[in-house]
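One chain follows as structure tokens, the form predicted on its own.
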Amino acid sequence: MSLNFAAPSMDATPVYLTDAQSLKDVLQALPEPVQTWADAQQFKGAFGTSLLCPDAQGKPELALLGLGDERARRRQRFCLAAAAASLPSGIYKLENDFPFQNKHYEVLGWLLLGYSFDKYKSSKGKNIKLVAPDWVDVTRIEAMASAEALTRDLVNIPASDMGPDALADRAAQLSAEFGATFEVIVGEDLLQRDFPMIHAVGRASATAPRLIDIRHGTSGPKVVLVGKGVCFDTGGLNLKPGGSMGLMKKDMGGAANVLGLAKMIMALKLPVQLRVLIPAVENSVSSASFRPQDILTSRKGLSVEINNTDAEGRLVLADALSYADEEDPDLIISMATLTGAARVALGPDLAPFYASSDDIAAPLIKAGEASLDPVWRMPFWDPYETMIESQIADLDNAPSGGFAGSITAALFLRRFVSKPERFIHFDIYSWNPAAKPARSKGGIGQGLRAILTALPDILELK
């Protein structure tokens, strides 16, 4: 699997981009036989269509890619990838420009056509390579593609091969690749180092819980990424039904996403002091399982009443957020496949995020639109604070009533940071239910390009 641009080649097939409005002008600039062929094939430049035009010997002379009309492009992302996917294997080069503000990310979509999850079954997919256009930032786009592939792979690998130990190994490999420092706190050492809720959630598993800690960079603003690493979630003693357990290998999607984001930040040498914290656990069932109505005391000192062991993600994140907060960073970002409520509210495409500051939220929204990585701001709704407060403890991990589940989870996490105005929380799904342009079915990154693109504005980087 290669997610890089092709080297320039004399054998590259020229590609002309068009839509319904520009088709006539594009064809008029091409040889008459091409015009005749396009007319005979009834090519209209519709979304996701392509036409290979032969020369006099019947060999491909050039290709036309249809980008559709404005309405079609509003209904789907990655219009360039949608059209390129129907081309045969080969090397292609763009001959004309297309007037989209996000054209760099459209080209990223082409690269992502090369992704396939082939760990367990060999892939016989096409190899549709693109020569980098002169205007594209090759290093940046290839770094994004590589990071997206890492995130997808981590989510797609089942818990049999991606438990807390394997996740820590992959994090260590990433650290070594970029010369970052790596530490992992395992098992009973979590109690010695005061991470009681991470230990409580993961202690029932045969694979010990752990906290992964990566550091990179020695100057610039301090940025901490905290990712939920629940490598499989049975629900604990509040056991999930079988249908709800089917996708729980992806419950470490937050960890996968922050590792992908960290890879981009390190590869592109953003001038920040980066830290990545991942509480990696399995929420399993055994005599050691934490129980409903247990009271856990967090690293921060806040007591938490357990009213549902299936609301475990916020518990492990809470200890990690407290740890992150102790160094007074300039920005903390948590990412987690935290609640079904977020998925019900926004579906699988939109990444919900919470931010107290408009100065943080506005750049994220703008960057999401520009990078074809849509995000949607959700409210830290203060009147719901009482819903997360217990009568016998400081906090309740699973408020009754079923209302505002994503909001109350975000409010719970906010209690563990001292500067909420510098905290962003993403409640992502990290799964694509059906194949779409540039996005295969399965694990997916959400919010990564939006965050990367927005960071310079948020942190006022030079």
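Heads up: residue numbers just count along the shown sequence, starting at 1. These figures come from a predicted structure and were not determined experimentally.
What follows is about the form predicted together with a small molecule, which we do not show.
- Shown here without its partner, the chain carries Leu225, Asp319 and Phe423, none of which come within 4.5 Å of the small molecule in the predicted bound form through any heavy atom.
- In the predicted bound form, the small molecule lies within 4.5 Å of some heavy atom of Gly340.
- When the small molecule is considered in the predicted bound form, Asp233 lines it closely, a heavy atom lying within 4.5 Å.
- In the predicted bound form, at least one heavy atom of Tyr429 sits within 4.5 Å of the small molecule.
- Interface membership of Ala398, defined by any non-hydrogen atom within 4.5 Å of the small molecule in the predicted bound form, is confirmed.
- Heavy atoms within 4.5 Å of the small molecule in the predicted bound form are found in exactly one of 135-143, 361-369, 304-312, 327-335, that being 304-312.
- When the small molecule is considered in the predicted bound form, only one residue from Met248, Ala72, Val131, Val285 comes within 4.5 Å through any heavy atom, namely Met248.
- The contact residue chosen from Lys240, Arg203, Lys103, Arg215 relative to the small molecule in the predicted bound form is Lys240, the criterion being a non-hydrogen atom within 4.5 angstroms.
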